[in-house]
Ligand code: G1P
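Form predicted alone, single chain, as structure tokens, below.
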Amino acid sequence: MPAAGRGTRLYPLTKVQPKEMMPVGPYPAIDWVIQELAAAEITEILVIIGPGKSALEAHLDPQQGRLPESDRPPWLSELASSRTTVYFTRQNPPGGLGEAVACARQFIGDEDFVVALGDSVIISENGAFARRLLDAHQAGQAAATLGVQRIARQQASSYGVIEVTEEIEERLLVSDVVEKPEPDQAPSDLAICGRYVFSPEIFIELDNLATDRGGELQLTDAIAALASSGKPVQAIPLAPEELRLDVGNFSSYGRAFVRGMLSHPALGPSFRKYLLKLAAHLQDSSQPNPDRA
């Protein structure tokens, strides 16, 4: 799980607080990601951190700050039962997502593995999306399987966008990945949503990859190299009922927090009522102000 980025688009909130610790509803973003992976029966998780990210180590240590059972996030029960173990390594200084993945080489060995970005939350029942990616990866004997979402074309310059050559049932065969294209140059409206499954072949491409003008290794370039060399690269779209919440900038983070609250089984119903009353008041000031109730 790459979590070394500085989160500069959320300054000053992330000046000393990792963006992965920003609350999405009642839990930090990273809790949602850990829960998703644990629910998908992933039992070993490597978190790649950078400078100023020691709070993540403390937070993910089940021995620190024990909570009453009723207040524990679901992933903590998984860790306490020893079914899921979290490890850490450091990327210092951060040198791009490709370099972060390369840091996991010794941890991975010769197995297929999942990459889940620590600032991207997928709302998916019982970790279904991560499990679906793994199953599709094995079924397609792929070198890379990418989780993707549909976006508006004008948003393409914020994402890695895939080019699709064929669709086989749920699987989309990918011929290219373009990092942050201009909207009129985007090969599709399908963007990578912060979830990947790779075979160890990705490490070979990362070894052969040159850094970009900013001195970083771009993971999308390595994926594109896999596809251009004829290795099977495929994508699985989010289902209509699944959501990606991005803890990356203030606009997307605000939406992520609200969605996180609404999805919580205990807090969601009352929070929804509050939002409906607030919307009514903002549209018509004669309606009661829920903040003064």
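The numbering used is simple: start at 1 and walk along the sequence shown. Just so it is clear, the structure is predicted and the values come from calculations on it, not from any experiment.
Another form exists, predicted in complex with 1-O-phosphono-alpha-D-glucopyranose; not displayed. Remarks below refer to it.
Q: Please tell me whether the candidate spot formed by L97, L117 and Y159 is one where all three residues come within 4.5 Å of 1-O-phosphono-alpha-D-glucopyranose in the predicted complex (heavy atoms).
A: Affirmative, all three are within 4.5 Å.
Q: Going by heavy atoms within 4.5 Å, which of 164-172, 192-200, 83-91, 104-112 lines up against 1-O-phosphono-alpha-D-glucopyranose in the predicted complex?
A: Checking each option against the 4.5 Å cut-off leaves 192-200.
Q: Using a 4.5 Å heavy atom cut-off, which residue among D176, E179, D135, D212 comes into contact with 1-O-phosphono-alpha-D-glucopyranose in the predicted complex?
A: Selected residue: E179.
Q: So in the predicted complex, does S188 come within 4.5 Å of 1-O-phosphono-alpha-D-glucopyranose, heavy atom to heavy atom?
A: S188: no, not in contact with 1-O-phosphono-alpha-D-glucopyranose in the predicted complex.
Q: At the 4.5 Å heavy atom threshold, is K277 in contact with 1-O-phosphono-alpha-D-glucopyranose in the predicted complex?
A: No, K277 is distant from the partner.
Q: With a 4.5 Å heavy atom cut-off, would you call R272 a contact of 1-O-phosphono-alpha-D-glucopyranose in the predicted complex?
A: No.
Q: Is there a non-hydrogen atom of H281 within 4.5 angstroms of a non-hydrogen atom of 1-O-phosphono-alpha-D-glucopyranose in the predicted complex?
A: Residue-level check for H281: no, no contact with 1-O-phosphono-alpha-D-glucopyranose.
Q: Only counting heavy atoms and a 4.5 Å limit, does any residue of 209-238 reach 1-O-phosphono-alpha-D-glucopyranose in the predicted complex, and if so which ones?
A: Q218, T220 sit within 4.5 Å of the partner.
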